[in-house]
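Starting off, we have a lone chain in the form predicted alone, written out as structure tokens.
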Amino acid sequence: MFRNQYDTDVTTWSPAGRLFQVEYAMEAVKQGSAAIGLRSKTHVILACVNKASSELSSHQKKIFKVDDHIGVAIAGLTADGRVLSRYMRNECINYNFTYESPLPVGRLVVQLADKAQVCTQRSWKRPYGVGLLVAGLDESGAHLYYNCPSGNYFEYQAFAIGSRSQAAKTYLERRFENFMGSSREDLIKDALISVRETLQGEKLKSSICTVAVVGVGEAFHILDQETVQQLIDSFELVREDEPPAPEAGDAVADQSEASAPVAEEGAAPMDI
């Protein structure tokens, strides 16, 4: 990405039909730490990577509760995400006060997309530099939406945004057909594996990831670190049980055992 004569104003079209300021905002989402969402018939799981800007500071909050049946995970500018989550919270409160029923997830997502789209048509505004994964449960079932800085929104079975999210997408694309019938625990495990795929050679720990759940009979809430660590430990035990399978062949076993430590010591098992 580089500056040119068509990127000084969000309302200026390039001859190729592009709005560069909107594209720059979408690039800010790609630079943020990864956020992942998965859904089944009854539950939606949100997970994100917690990255501190310095060893002396704490990480910024990446998952926000909007209502008992809705929550969001963000990637990009955290300040923009905080403002938008507050807007969504107010919309839910106003709807509940007026109609005495929870705000449908799809309607809230449309309102959020309209708010983001206005910023692409006003020269005195800038697009929001944040992408939001909206997880919710209403009368029509579980939903997972992605809201883009351009004002577009999409519903997904599973999705990942942020830096190094392509590795998580690859894993989700291999597994998404099983998600609709998955249990709550299986969805959380797949979410943790997806988070692990985005880490560049870093060990998965509860201190660097956050997991939130919403489902039938379960209000939106963020899991505490002890619960997440227990789930991570059980996942690591499963991973350790897999390598002994190829021991039937001598030469093949020797090669696999010799190459395994190298993969762990490398900078990253997957680079995108």
Partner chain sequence: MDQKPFSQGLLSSEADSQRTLYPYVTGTSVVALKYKDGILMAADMGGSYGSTLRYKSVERMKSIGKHSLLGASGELSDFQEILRYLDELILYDNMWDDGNSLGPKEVHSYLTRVMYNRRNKFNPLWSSLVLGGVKNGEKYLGMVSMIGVHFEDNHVATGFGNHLARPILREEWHENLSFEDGVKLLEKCMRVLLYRDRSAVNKLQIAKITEEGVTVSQPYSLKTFWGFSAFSNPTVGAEGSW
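Residue numbers count along the first chain shown, from 1. Because the structure is a prediction, the values reported are computed rather than measured.
Although it is not shown, the form predicted in complex with the partner chain is what the next lines describe.
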Could you tell me which stretch in 136 to 144, 184 to 192, 117 to 125, 72 to 80 has residues with non-hydrogen atoms within 4.5 Å of the partner chain in the predicted bound form?
-> 136 to 144
Would M180 count as a contact of the partner chain in the predicted bound form, using a 4.5 angstroms cut-off between non-hydrogen atoms?
-> no
In the predicted bound form, does G201 have a heavy atom within 4.5 Å of the partner chain?
-> no
Applying a 4.5 Å heavy atom distance criterion, does E100 contact the partner chain in the predicted bound form?
-> yes
Could you tell me if R175 has a non-hydrogen atom within 4.5 Å of the partner chain in the predicted bound form?
-> no
Flag this candidate site as yes only if P104, R107 and V110 all have a heavy atom within 4.5 Å of the partner chain in the predicted bound form; otherwise mark no.
-> yes
